[in-house]
Structure formats: structure tokens, C-alpha cells
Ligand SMILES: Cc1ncc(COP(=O)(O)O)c(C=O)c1O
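Only one chain is included here, represented as C-alpha cells and corresponding to the form predicted alone.
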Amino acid sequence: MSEHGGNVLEMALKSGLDPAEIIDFSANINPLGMPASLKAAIIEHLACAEYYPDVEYRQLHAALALAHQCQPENIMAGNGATELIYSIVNQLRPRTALLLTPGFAEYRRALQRAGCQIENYPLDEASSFQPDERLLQTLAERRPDCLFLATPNNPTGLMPDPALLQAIVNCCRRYDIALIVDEAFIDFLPEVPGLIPQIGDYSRLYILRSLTKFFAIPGLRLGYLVSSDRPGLQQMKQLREPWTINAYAALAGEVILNDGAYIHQTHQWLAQQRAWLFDALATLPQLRIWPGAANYIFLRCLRPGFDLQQALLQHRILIRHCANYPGLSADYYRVAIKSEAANRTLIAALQQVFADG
């Protein structure tokens, strides 16, 4: 099973700690918590658990389509974006794929399960973990069946240059390469429109979105896929198991995108706390950090052989190690941006562990 952030229980069991005492910086979830509008809606609709959801999820798809000014036939909702990663791979059945590394593990797992031949396109410190024009050359020369691209990237939190991103879209269209763009964290970037407005320009452009991170509902699991490939989406809906989205998750998708106050409050929190946490981390000479755009910060511990995750666990803080990302060593970590109090606790703990070491 692939390792992800947020597995507090497992880490607590391994360390002999009480899970309730651990501050979880390993999962990139909005610390504002579930929107009050959704809590009220769930209470009001508690009885919906007594009925099967609409197997077509018509109201959910209509709400998502309205939010993105497209038609419901252009959207497929799923049990988190992860379900849809596997669905799109099963639909496309690519023989070859290009993956930027480091990157989200489930792209690789889905492609491997489908028997796809994967070529890595490594990003490293020398390239500031950012793609450049050489990626366009690689696409033109290798012409893979599909390319997965995360904007922003996980775990680095970095966004590609906008002009390069557009060039990648154009290149994929030119060579008929299916382009799957994972925008799971793009809601945290209020000034970035994403690529959904461009789906009409290329039928093999597929946009993945997640509502679990921004709206703090990872336990409900809700994501969606947007594309102008209506026949493909319809076939995917017909082939998957029925009722993969529970009634409360479907209700969430109908409610939360209209919660403008929550969305605005989240953007205000993140702008303030990302700047504060980045500056505080930058004062620690034992760390190298990257200026990501998402709600998490990617960093490297410069002290050789030092297990920063284990050191912080002694302070009841869990961060995400990145050693299992292809192309990264055990020196790399990812920390979520949390509340002001939690962020200050993290910095104090880091100062302590480096002073003790």
C-alpha cells in the first residue's frame, strides 16, 4: 500500500504515543475545519443515510457544472480524486506514460496496475524542482500516450511557469498525448484559474479536482474529473461500481462551493500563515525550503543522517517524510501549513531539536 500523509494512528502505534496528542503536519488539510454550512446541511439531512443516493448523482453534477460554467456531462464526480485517477487510466489504457518525479504516488500505481510502461522525467534541486522547455522536447521525441501533471506539484507545492504550462497543453494537443492535470490543491491559489476553461480546446485534456483538502472533509472523500471527452466520461460512469460516493459527500458537493465566506476566510488565513511559516523556517540554517504556492511547504534537512520526522515525534508533531517519492532521499520533508498556534509550536519544536542535536 502506498504511504500517504495523515496516518497518525499508525505513527502513534509505532512510537507508543497517544494519537490525540499528535499535531498532524503530514496531511495538507485546511485547519479551519469543515464549513459550518456543511455541518448544518448534514444535520438537516441526516435522514438521507436511510436511502440510496441517486446512482447518477444528478444534483451533485449539476452543482459542480454550475460552479465551473460547463455542462454536467463534462463532469464525473468520484470518491476523492484518487478513484478518478484509476478510472481515467482504465479508460485510456495507455501503453506508455511520462511521469514527473517527484510526484503523487497514485499516478504510478494506477499506471502500473494497467500494465503501462512508465518513463520518469526527473526534477531535482539543480532544476529547482521545476520543469522547463526540455520537457516539451521530451514530449515531442518520446510521444507518450499520456502525461500526468500536478499543478501545484505534490510534494513540492510548486507551480510551473504559466507560459510553459500553456506550451505543454499545446504540445500534447499537437502530438495527441492525453494530458491529465491534477489540480487537487489549486483552490488554495485564488489568482490561478486552472485549465478547466480550456477543456473545449482539447478533448484529451482531463482535469482532476479535489474538495477534501480545501474544505477539510478528507473523511467524506469527494473529487471530480472535468473534460470535454463526454463519451469517455459516460463510459467511465457506466463501468464503475454503483454508489461510490456516499450521500453526505454528495451533499457536500452541492453545498460548499457556494460558501463564499469560508472560501474567503481560507484564502486570508493561508496568505498570512504561509508567509509567516516560510519566513520562520527560513531562519533555521539546518533547513533548505522551497517557496511553494500551496498549503504546504517542501523542505530539506541539511544535517546529514538526521531523522527529522522521528525527532519531531518526540515533541508530538508528525511531518511527512518524502523518502518514498521517486527521486527524493530521506533528507526531504513536507509540512502542512496549519493554524497560527500550531505553526508556532512547530517552529519552537524545530528550534529545540536542532539545538539538542
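Model, not experiment: these values are computed from the prediction. Residues carry their position along the shown sequence, with the first being 1.
Below, we turn to the form predicted in complex with the ligand, even though it does not appear here.
- Proximity of 91, 173 and 206 to the ligand in the model of the complex is absent: no residue of the three has a non-hydrogen atom within 4.5 angstroms.
- Contact with the ligand in the model of the complex, defined as any heavy atom within 4.5 Å, is confined among 218-226, 195-203, 113-121, 137-145 to 218-226.
- The closest heavy atom approach of residue 187 to the ligand in the model of the complex falls outside 4.5 Å.
- The ligand in the model of the complex is not approached by residue 266, whose heavy atoms all lie more than 4.5 angstroms from it.
- The ligand is not shown here, but in the model of the complex it comes within 4.5 Å of a heavy atom of residue 80.
- Remark: residue 210 counts among the residues lining the ligand in the model of the complex, judged by a heavy atom distance of 4.5 Å or less.
- Taking the ligand as it sits in the model of the complex, the stretch 289-308 never comes within 4.5 angstroms of it through any non-hydrogen atom.
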